[in-house]
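Have a look below at one chain only, the form predicted alone, in structure tokens format.
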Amino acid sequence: MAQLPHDPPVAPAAAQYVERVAPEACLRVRGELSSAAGAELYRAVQALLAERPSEVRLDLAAVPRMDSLGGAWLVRVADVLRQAGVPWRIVAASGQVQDFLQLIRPTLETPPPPPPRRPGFFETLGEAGFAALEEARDLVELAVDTIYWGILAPLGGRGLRWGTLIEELTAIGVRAVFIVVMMNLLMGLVIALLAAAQLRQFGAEIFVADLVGIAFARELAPMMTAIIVAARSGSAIAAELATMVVQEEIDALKSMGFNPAQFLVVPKFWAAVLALPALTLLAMFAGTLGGMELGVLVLGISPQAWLRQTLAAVTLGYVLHGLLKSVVFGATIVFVGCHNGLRVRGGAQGVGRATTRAVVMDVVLLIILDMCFALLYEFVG
């Protein structure tokens, strides 16, 4: 196997291709300058540098031809001599060797670029801080535009795009009914099964109805619904707007005097704000129904007793708490999706990154908002 220029040098038993022209600092190469001859030349130059010569000459008069690996070794020799600060030159090259040297002369004469300097800790921290501030500014601008075109402008006589709003309601709300109901129904079965395994030890199986009802009214229904919509519609919103940015459709809207928030963001905003509470109500019923199925079929509780226990435990305040969260969750999903879509950079890869980032940001922000609502509910009541 031929030795490549980046392989560590191995000392040969005897010189085969390179000889020292004494007493001068001149190295004469004999035969074809290929990988083996180049490696030997590299080792000879290293040995010669130990004598600290004032100049090094490479005599290629006896070289009939050279190949690419020989040229690569020659480039490495030039780098070593340049780093040592020793002047050098090639003498007596002719024919194919001279032509080859003309091709690689810019590489031989130009030093390699220095390695990029790694930014320090504070530089990285400051850069991340400025990027976060810029992103927060863009998000605030988007929110202000959406509030103006979605609330203030309609109150001033500028109507909404009702046709687009209905289309978005269908995409975000109607088409998500099946998956929302199915997921919450199965989640209700799971929660009831886990609760029954513990409460059965104390003969308190009937309180499974309380746990399932309160859990879905306050937490699980709005959170599960929001996560499903974020994964389904939030990603679609980010991908749609990112594709429009890449294809310069957003720039076309701006050049015609249209505000992107008015035509693209506001219908999605109102659709999510209206659809999420409705989907959350369906999720509450589906989760309660899933728990009741297990209670009736496995625990032997009558449907009437289960419903009475659920209605006694789940107050209107719990339901309103869940619906309020769903409104905030819906607005968050739209803002995050539109924000990431409008900030896309690059082509198809940028669209994919924006979509993934939107879903991840949605999930993180939904959990943070849910925690804030829980703290607010406990301290305010």
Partner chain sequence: MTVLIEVEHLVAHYGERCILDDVSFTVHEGEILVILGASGSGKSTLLKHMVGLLRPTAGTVRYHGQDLIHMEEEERAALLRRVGISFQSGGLFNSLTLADNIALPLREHGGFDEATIQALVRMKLSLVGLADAGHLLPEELSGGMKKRAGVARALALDPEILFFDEPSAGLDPITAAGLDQMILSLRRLLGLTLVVITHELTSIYTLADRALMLDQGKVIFLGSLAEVPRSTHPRVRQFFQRQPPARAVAATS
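Residue numbers count along the first chain shown, from 1. If you're wondering where the values come from, they're calculated on a predicted model, not measured in any experiment. Here, rigid core means the biggest group of C-alpha atoms that superpose within 1.5 Å across both forms.
Another form, the form predicted together with its partner chain, is not on view; read the next lines as being about it.
*Asks:* Can any non-hydrogen atom of V75 be found within 4.5 angstroms of its partner chain in the model of the complex?
*Replies:* So V75 counts as contacting its partner chain.
*Asks:* Check G295 for me: does it contact its partner chain in the model of the complex (non-hydrogen atoms, 4.5 angstroms)?
*Replies:* No, G295 stays farther than 4.5 Å from its partner chain in the model of the complex.
*Asks:* Going by a heavy atom distance of 4.5 Å, is N259 a contact of its partner chain in the model of the complex?
*Replies:* Result no; N259 lies far from its partner chain in the model of the complex.
*Asks:* Taking the shortest heavy atom distance, is L323 within 4.5 Å of its partner chain in the model of the complex?
*Replies:* Contact with its partner chain, no.
*Asks:* Counting only heavy atoms and a 4.5 Å cut-off, does its partner chain in the model of the complex sit next to every one of L152, G156 and T355?
*Replies:* No residue of the spot touches its partner chain in the model of the complex.
*Asks:* Quick check for you: of 313-321, 26-34, 56-64, 343-351, which stretch puts a non-hydrogen atom within 4.5 Å of its partner chain in the model of the complex?
*Replies:* Single hit among the candidates: 343-351.
*Asks:* Of these, P303, G163, P119, P106, which has a heavy atom no more than 4.5 Å from its partner chain in the model of the complex?
*Replies:* It is P106.
*Asks:* Identify, from the list P277, G71, P267, G173, the residue with a heavy atom within 4.5 Å of its partner chain in the model of the complex.
*Replies:* Only one listed residue qualifies here, and that residue is G71.
*Asks:* Taking the rigid core as reference, does the Cα of G38 move 2 Å or more between the shown form and the other one?
*Replies:* Indeed, G38 is displaced by 2 Å or more.
*Asks:* Any chance the CA of F285 moves 2 angstroms or more between the shown form and the other one, core superposed?
*Replies:* F285: C-alpha displaced by less than 2 Å between the shown form and the other one.
*Asks:* If I superpose the two forms on their rigid core, does the C-alpha of K254 end up displaced by 2 Å or more between the shown form and the other one?
*Replies:* No: K254 shifts by under 2 Å between the shown form and the other one.
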